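Quick setup: one chain, the form predicted on its own, written in structure tokens, and binding and motion questions come after.
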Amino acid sequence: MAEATLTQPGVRAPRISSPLLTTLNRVLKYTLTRLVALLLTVVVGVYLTVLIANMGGYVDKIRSSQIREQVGAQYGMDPQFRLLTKEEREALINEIVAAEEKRLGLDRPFFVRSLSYLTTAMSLNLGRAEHLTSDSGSSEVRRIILERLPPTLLLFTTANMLLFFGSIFFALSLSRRYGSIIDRLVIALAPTSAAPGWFYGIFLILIFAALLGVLPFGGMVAAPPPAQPLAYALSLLQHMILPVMALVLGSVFLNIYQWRTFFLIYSSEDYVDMAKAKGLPARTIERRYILRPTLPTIITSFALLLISLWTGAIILETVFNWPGLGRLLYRAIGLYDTPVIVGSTVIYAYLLAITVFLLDFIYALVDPRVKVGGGGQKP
């Protein structure tokens, strides 16, 4: 077998076989190509967000109009300003507006400013918000996002973990009871997932909060917040019940139906019938011959689920007055706060790119047939 030798003066280096060296080179080449491709994808996605958030430069015109209006209103109440002639008043206002536009960078062309936005965003220098502030009074986008992140993670992690694992286990159970009454009921209820979670949330609020009055809604905890940690935790749990129920009801039946159909496809394979003919226990068959081949798909769904936790839900958080990232993004869009919009998108884009990059290597670990770098499958 041909071998490659790596030597240094006075040091005897190990000998690396040629096939192993070829594999390492292929993996390294694939890794670099994948990183460059994902980086370009992130750059394009972030730049499109910059263009959309600024409406192609139209937001700059809105800001300039707001500045002129504020300056005119401020100096219009000054008696000394009224003594000036019309030409002098207009010249003074134009001078002040020009200085303010220069301070904000609005005097530069939008194309140049968009590239500046892109550069600072890609370096995770999120800057300062233009209108929004954190509860502590900071205008740094990083602090604003970090302040809204824990409520979103708490709510959506709880709901989506229950939804994900509950759907998989229930679907696996249904795949053993194909054609049963429960199976037919799930199929009949699957179209109900066409309605989003906030739609069910409105009805849950009307029933349990307005009519029955057994559950609170609005915010994370009662106002004022309880001083005792146990009372605070109980209040938090009570306020989470309705939004969690809304998120679960909005997707549970469709998820169960999809996973149930997915497991049924693998349950009909020849090797599963062979395992049944050998008399293997049902649990062993599910673990070895159904769950293991579907593990890459399950891991992909779970990884993308983790990324989606960082985005929140704009309408649902608004309906329940939940102080998370979704509601923050809704306010930022309404106020044309571009740094907050771009900052949220940048974080999501980086997380998504890292997840997609790592999934290729995770596939190779959980499925021996997969080779990193396009090496094909083992026969």
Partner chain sequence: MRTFLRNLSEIKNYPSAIAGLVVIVALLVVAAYALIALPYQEAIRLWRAGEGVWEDYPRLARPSWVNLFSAIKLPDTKVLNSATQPETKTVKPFGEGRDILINFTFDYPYDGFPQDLIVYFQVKFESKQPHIDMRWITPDGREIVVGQFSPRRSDSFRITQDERLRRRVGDIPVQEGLFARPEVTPLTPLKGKYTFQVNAITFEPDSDVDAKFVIYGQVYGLAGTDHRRRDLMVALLWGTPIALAFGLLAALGTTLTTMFIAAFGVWFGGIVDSIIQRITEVRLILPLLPILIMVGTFYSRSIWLMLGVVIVLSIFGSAIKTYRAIFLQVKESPYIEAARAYGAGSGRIITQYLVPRIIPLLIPQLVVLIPSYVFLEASLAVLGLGDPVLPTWGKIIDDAQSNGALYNSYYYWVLQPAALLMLTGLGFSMVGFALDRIFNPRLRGL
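None of these values were measured; they are calculated from a predicted model. Numbering follows the first chain given and starts at 1. Note that the rigid core is defined as the largest set of C-alphas that superpose within 1.5 Å between two forms.
The same protein has a further form, the form predicted in complex with the partner chain, not shown here; the description that follows concerns it.
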Quiz item: When you measure heavy atoms, are Leu32, Asn160 and Val252 every one within 4.5 angstroms of the partner chain in the predicted complex?
Solution: no
Practice problem: Go through Ala194, Ala277, Ala227, Ile181 and name the one with a heavy atom inside 4.5 Å of the partner chain in the predicted complex. | Solution: Ala194
Practice problem: State the residue from Val112, Ala91, Ile187, Leu153 whose non-hydrogen atoms include one within 4.5 Å of the partner chain in the predicted complex. | Solution: Ile187
Quiz prompt | Heavy atom contact within 4.5 Å of the partner chain in the predicted complex, the stretch among 278-286, 259-267, 161-169, 91-99 | solution = 259-267
Quiz prompt | 4.5 Å heavy atom contact, Gly45 to the partner chain in the predicted complex | solution = yes
Self-check item: Contact test in the predicted complex: Ala210 vs the partner chain, heavy atoms, 4.5 Å
Solution: yes
Exercise. Find out whether any non-hydrogen atom of Ala349 is located within 4.5 angstroms of the partner chain in the predicted complex, and reply yes or no.
Key: yes
Quiz item: Does the 4.5 Å heavy atom contact test between Leu84 and the partner chain in the predicted complex come out positive?
Solution: no
Quiz prompt | Within 196-213, the residues that have a heavy atom no more than 4.5 Å from the partner chain in the predicted complex | solution = Pro196, Trp198, Phe199, Tyr200, Ile202, Phe203, Ile205, Leu206, Ala210, Leu211
Exercise. Indicate whether Ala159 shows a C-alpha shift of 2 Å or more between this form and the one not shown, with the rigid core used for the fit.
Key: no
Self-check item: Core-superposed C-alpha of Thr41 shifting 2 Å or more between this form and the one not shown
Solution: yes
Self-check item: C-alpha of Val319 moved at least 2 Å between this form and the one not shown on rigid core
Solution: no
Practice problem: Compare the CA separation of Leu305 and Gln258 in the predicted complex with the one in the displayed structure, and answer closer or farther (the difference is at least 3 Å). | Solution: closer
Quiz item: Given that the CA-CA distance for Tyr257 and Leu305 shifts by 3 Å or more in the predicted complex, does it become closer or farther?
Solution: closer
